[in-house]
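Take a look at this single chain in structure tokens; it is the form predicted alone.
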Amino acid sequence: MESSVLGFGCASLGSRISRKTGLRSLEQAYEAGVTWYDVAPPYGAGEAEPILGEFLKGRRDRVRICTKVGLTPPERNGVMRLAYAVARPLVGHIKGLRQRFRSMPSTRYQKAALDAGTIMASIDRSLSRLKTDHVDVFALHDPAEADVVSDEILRVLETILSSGKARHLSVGGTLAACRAAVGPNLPFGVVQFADDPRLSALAEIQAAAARPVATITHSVFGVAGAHERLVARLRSEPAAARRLEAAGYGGGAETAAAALLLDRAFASNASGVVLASMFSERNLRFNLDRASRPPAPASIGLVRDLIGGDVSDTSLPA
């Protein structure tokens, strides 16, 4: 597969982000050269796939789509869609309110038991909502390690692959699940995981892989509160701020921290895709600017020095 190094994460499409705003943002990203779009059945309170399907009309052969199976929309989904529609103008602009929405039990994804029937029904529904006959990548979404090597699951995934409904198979989840997926004689050619700057996750995956695999990383700002922690340190320690400015990261603590974290993500996953949310024109421009620059390997060590490293991967999100 060929793709842009910057990918569009669609988790908020249809919930926090309205259909109209979402379609405009998807089109702006596409016109700017973004060709990778990541979605899943529960995203956007279940609305992301149909909206992305509208966007794909006339563009399907020029973009790459990844969808998943394993998580389902929140319970009382219709109520949540109405709540998001009513509160959307506020949720989109007030950070604390967004965090409260995300922490509510009624907004959390539900785990689906993975079996052959569930997996086949899920991809058929996804293809219908996306208005396409195939996806480029079909992923197990936050699977247990046992699911990754289950004979029943592997058989149905091979059927999906041979039928042409998916071109490639993936695991998107914890590092432990991704390490299991890259073992010998397994059909997964792509792994997706949260990019914690305190870990050497990509190096671990590549060392464990029995074959070449593509890597998709996400949550480059949010894992372990990386952006907030970095901003706090820059504001409380003038020496850290001066060090970052000397390395070329200016514009205030929040902007400098975001630029450094994005540079680190692109440098550590230089041959893969980095997912980001780009529903505001400002974020899109910022992400495109960082993606267009040559990789900056020094950013990897700089982030680890400022945030810390060597932590457990057991609590990383999918």
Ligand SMILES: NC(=O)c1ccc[n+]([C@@H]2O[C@H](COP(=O)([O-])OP(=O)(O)OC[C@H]3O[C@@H](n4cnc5c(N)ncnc54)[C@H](OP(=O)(O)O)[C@@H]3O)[C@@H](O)[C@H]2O)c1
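Keep in mind the model is a prediction, meaning the values are calculated, not measured. Position 1 is the first residue in the sequence shown; the rest follow in order.
Omitted from view is the form predicted in complex with the ligand, to which the following refers.
Residues Gly9, Asp38 and Arg282 are all found to lie within 4.5 Å of the ligand in the predicted complex, as judged by heavy atom distances.
Residue heavy atoms within 4.5 Å of the ligand in the predicted complex occur in exactly one stretch of 118-126, 147-155, 211-219, 181-189, and that stretch is 211-219. Although the partner is absent from this view, Leu26 stays clear of the ligand in the predicted complex, with no non-hydrogen atom inside 4.5 angstroms.
Using a 4.5 Å cutoff between non-hydrogen atoms, Ala256 does not count as a contact of the ligand in the predicted complex. Taking the partner from elsewhere, Lys68 is found to have a heavy atom lying within 4.5 Å of the ligand in the predicted complex. In the predicted complex, the ligand sits within 4.5 Å of a heavy atom belonging to Phe286. Here is the short version: of Met278, Val34, Ile51, Ala45, the single residue with a heavy atom within 4.5 Å of the ligand in the predicted complex is Met278. Residues of 159-188 that come within 4.5 Å of the ligand in the predicted complex, judged by any heavy atom, are Gly172, Gly173 in sequence order.
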